[in-house]
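You are given structure tokens for the same protein chain in two forms, set apart as structure 1 and structure 2.
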Structure 1
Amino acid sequence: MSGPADSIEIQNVVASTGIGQELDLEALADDLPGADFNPDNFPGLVYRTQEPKAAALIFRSGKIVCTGAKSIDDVHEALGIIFDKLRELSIPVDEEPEITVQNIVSSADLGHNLNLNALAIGLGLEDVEYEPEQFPGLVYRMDEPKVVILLFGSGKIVITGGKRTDDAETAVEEIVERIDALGLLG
């Protein structure tokens, strides 16, 4: 039987790394085909990979943020491509720079409509933000795993703040259990 945890899809993985030295972003923008650098709008150089699809934000400090990837493997693959491109430009990059996952955003479907007004009260006002005039979703801050869940009346949810892929699964199982215990599931 498939349940809400089976509907989880990773939407975005954000990770950071660094090459431990300052970069000349103007020169890098000229040497890296397809790079976008507009310092009036954003202080970093944006370089997009197509396979896997991701964007790297490369900063003057040598810090790099990878966003838009659909898996942790894709993050490593995209950053590997970028590290190779930098090495081709004679910029020294360690063999295996440390890559830290900062955030995993996932979505899921609980399979039932939700009464968000009742949920806001039932889940405890100290962990909930629900202002339907401002935003149609209920914001629920979970302690374990430490994630934020956006719940919508349709039963669709977004889990953000996870650091590991199984954080979303744990969060979905936990929220389903809590909603069910309140008698508000289906």
Structure 2
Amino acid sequence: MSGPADSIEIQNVVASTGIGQELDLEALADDLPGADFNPDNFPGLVYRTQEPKAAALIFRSGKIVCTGAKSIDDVHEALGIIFDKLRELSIPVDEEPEITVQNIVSSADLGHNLNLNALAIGLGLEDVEYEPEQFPGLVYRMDEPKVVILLFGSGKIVITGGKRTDDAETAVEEIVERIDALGLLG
């Protein structure tokens, strides 16, 4: 049975890790081709991987934030590339640094147009933020799973704030159920 849950696509994964070693970012900026480092603007050095495509923010403390990856596997792959690059520069990197997924952004399609005005009232104005003058999406904060869902008139949605792959799936099933219960789904 193909439903909205099957349309879920992970769009971005944010994760953090650390190599357990302090870094000289000035030196690293010179040794890493393509690295962007503007300490006046931001304390982190930006390094981008091509395959898989991702961006890493590397800090003086040795902590690293990886963003832009399309899957958790890609996060590990991209960070693996960065760990190796650092080792090539004779920087001691922990054997297998712990990688923590901090946020997963997914998109999905409910397959029906949505009446956002009716939805704002139906879902409860206290849990909803819908200000079409400022943004076309209705913002719905769900408690379980704890995610934020952006719903659009087209029926396309964005799920963000989750830390596990199945948070998006659970959230989509839940939101479909709630919208359907209101009689506002197709």
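Take the two forms, find the largest set of C-alpha atoms that superpose within 1.5 Å, and that set is the rigid core. Reference numbering: structure 1, starting with residue 1. Keep in mind it's a predicted model, so treat the numbers as computed, not measured.
Item checked: Chain form predicted on its own, by structure number -> Answer 1, the form predicted on its own.
| said: If I superpose the two forms on their rigid core, does the C-alpha of residue 152 end up displaced by 2 Å or more between structures 1 and 2? | reply: Shift of 2 Å or more: no.
query: With the two forms matched on the core, what distance in Å separates the two CA positions of residue 42 between structures 1 and 2?
result: For residue 42, the alpha-carbon shift amounts to 2.4 Å.
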